[in-house]
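Okay, here we've got a single chain as structure tokens, the form predicted alone, with questions on binding and movement later.
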């Protein structure tokens, strides 16, 4: 597999504060990667560095090909019509597929003569994503593209992203606080916490490599790699990586994506970076 995005020992510092430190990951080409983490984890900093809006203090970031970026506030000119936004895109991009963009907006029922400021939040998000796609990027970076959208608009935007990745080898990196929005779309997971990388890998492989265990207080935890734990007076719940303890009192099941993410976020010291090998630059 070739790497669409490769980050090596990345650190970004704002004055005396490190927003990112010692971050390394590779995202294979053609993947839809979910970037998750709490507020202040460094997600936007990582994205800005990947597309060249910030300079790394240490380490390096390499993108194979061209990158397009859509910021969380979906920067569009409210007084422009949608058609004028397409013209603006034509004049500011080396690679531009205006016909496909116009056809896509028409299919979404977004009038080209309508001013951007008169569109709904979901329509504005679709215009912003369409402009980014029209530049024919190899890597599409989306910072909270679903923020402030209703469930139907979120579904429509995610469906657009899926259609584009199915049609060509486009790699997508998107951040979101709503893990459920990512489950049916993303196939690669990156968890960033406190400016450091906790998880990077294929989602199905990560889920297969973890178990949720429930059992009584006193059940043996010997030999287990515990990611996070929750305890009551009578019961213990664990997220573990790898094989469980042979103690038969444990009940085991495969975690869901949200359980996996929350388990790591609850314990910033835990890491799972199983899929960095085998991705060549």
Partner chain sequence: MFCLIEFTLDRSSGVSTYLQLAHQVKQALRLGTLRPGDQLPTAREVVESLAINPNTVLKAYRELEREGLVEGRPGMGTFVRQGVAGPTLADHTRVRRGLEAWVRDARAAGLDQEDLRVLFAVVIADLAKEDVA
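Everything numeric in this text was worked out from a predicted model, so none of it was measured. Residue numbers count along the first chain shown, from 1.
Separately, the form predicted in complex with its partner chain exists; it is not shown, and the next lines address it.
Annotated contact segment (heavy atom within 4.5 Å of its partner chain in the model of the complex): 164-172, selected among 124-132, 68-76, 142-150, 164-172. Taking a 4.5 Å heavy atom cutoff to its partner chain in the model of the complex, the contact residue among 115, 177, 155, 196 is 155. Comment: its partner chain is not present in this chain, but in the model of the complex one of 97, 84, 138, 187 has a heavy atom within 4.5 Å of it, namely 187. The three marked residues, 23, 225 and 269, fail to reach its partner chain in the model of the complex, with no heavy atom of any inside 4.5 Å. Its partner chain in the model of the complex comes within 4.5 Å of a heavy atom belonging to residue 159. Among residues of the shown chain, residue 32 is one whose heavy atoms approach its partner chain to within 4.5 Å in the model of the complex.
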